[in-house]
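In structure tokens, one chain follows: the form predicted on its own.
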Amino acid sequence: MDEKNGQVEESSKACSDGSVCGYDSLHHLLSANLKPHLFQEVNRILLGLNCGKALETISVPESAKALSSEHDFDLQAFCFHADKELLREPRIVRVGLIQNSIAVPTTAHFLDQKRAIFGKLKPIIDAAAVSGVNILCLQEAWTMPFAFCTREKRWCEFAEPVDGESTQFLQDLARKHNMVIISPILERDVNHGETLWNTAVIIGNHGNIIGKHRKNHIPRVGDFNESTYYMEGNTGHPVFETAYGKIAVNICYGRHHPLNSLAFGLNGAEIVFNPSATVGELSEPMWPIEARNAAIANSYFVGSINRVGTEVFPNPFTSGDGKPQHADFGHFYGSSYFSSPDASCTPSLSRHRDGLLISDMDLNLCRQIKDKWGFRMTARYELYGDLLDRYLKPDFEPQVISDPMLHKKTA
């Protein structure tokens, strides 16, 4: 009994830092504790097969590994293949995701907090650049702590225009490295009464601003009641045609809405990024599932990014759900990963460390999977459209056919 209690205590201690029983991720836990042939089979079931084979790792330059070691961030790289075609050349793009914790406590001066995050991300972006990344996406509201659920207005100071300081910082890097960068920020819309939005800025590989997308769905669950700061976006479901492919940004809570994912696909997205901020108690069982569902149903790649760490705020807050007041949301569990239209996915990044995940992906796979499964051809959009049209009307009645015997009295 004492031995068992000791194991439980050790497990609890190991998990308190955000790890999985002392391991960076579930993948590492399984790899370390299963015999190779068992791990291979479990891996096949959990991660799927890409073109009938296990996903391959790719090597990154020693300079990227050195940056990873020096600045203590997880670095992983994989490759999604497509079948060889006779009439099209491969369309391979190298894509990166960055997850990170905040750099200094939330009690520090706001300018110090922001500049410290800039400093933390610079070597990770450099590692992406020397690794040849073409498109790089940062996490939701990367320039600041995820303070939106505190409901304190002081955090609005982090908001900035689309062409503000963080965009200028990344424009220089995008231009220098010939890289498209997606930058999710708290936007201050100076042309519309300084309205705030949760916005992703799309920076082109020449350092230009291609456009922006504003978060469509605002959560109202647990601590995540973010409409104190911003409301639902008004930019629709834009797809941005870049030098490296057609991309879209499904910000955070939008991943829970299948029609939101569908809309980006209907507009032609080949890669959809999902920059997020979500904690273990709330969403972790859903995290490995939803992005893969979206990738499969819509025949595009998905890059899912979650921040890392526990962010403790100066003043306790309540959630309106009956729980005592508290000063943090819980542990942001990282675990960023890529999903492919053929149902395969990468292992996730660390659950408790900063990280850079890199993937080569042949965008030809998107059309190959459409041809294979025929989801676009077999969908019944006219039926769905008719239902949605009727549902939006005040006199809508669900199409329910009751058993006539259900309420009939029996002798």
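Heads up: residue numbers just count along the shown sequence, starting at 1. Predicted, not measured: the structure shown is a model, and the values here were computed from it.
Although not depicted, the form predicted together with another copy of the chain is the subject of the following passage.
At a distance of at most 4.5 angstroms from another copy of the chain in the model of the complex, all three residues 38, 217 and 374 contribute at least one non-hydrogen atom.
Of the heavy atoms in residue 61, none are within 4.5 Å of another copy of the chain in the model of the complex.
In the model of the complex, another copy of the chain sits beyond 4.5 Å of every heavy atom of residue 332.
Within this chain, residue 69 is remote from the site of another copy of the chain in the model of the complex, having no heavy atom within 4.5 Å. Using a 4.5 Å cutoff between non-hydrogen atoms, residue 290 counts as a contact of another copy of the chain in the model of the complex. The candidate stretches are 261 to 269, 75 to 83, 185 to 193, 166 to 174, and the one lying within 4.5 Å of another copy of the chain in the model of the complex by heavy atoms is 261 to 269. Interface residue among 232, 152, 112, 157, judged by heavy atoms within 4.5 Å of another copy of the chain in the model of the complex: 232. A heavy atom within 4.5 Å of another copy of the chain in the model of the complex is found for one listed residue only; from 92, 104, 243, 327, this is 243. Heavy atoms closer than or equal to 4.5 Å to another copy of the chain in the model of the complex belong, across 382 to 404, to the residues 382, 383, 384, 385, 387, 388, 389, 391, 392, 396, 398, 399, 400, 401, 402, 403, 404, ordered by sequence position.
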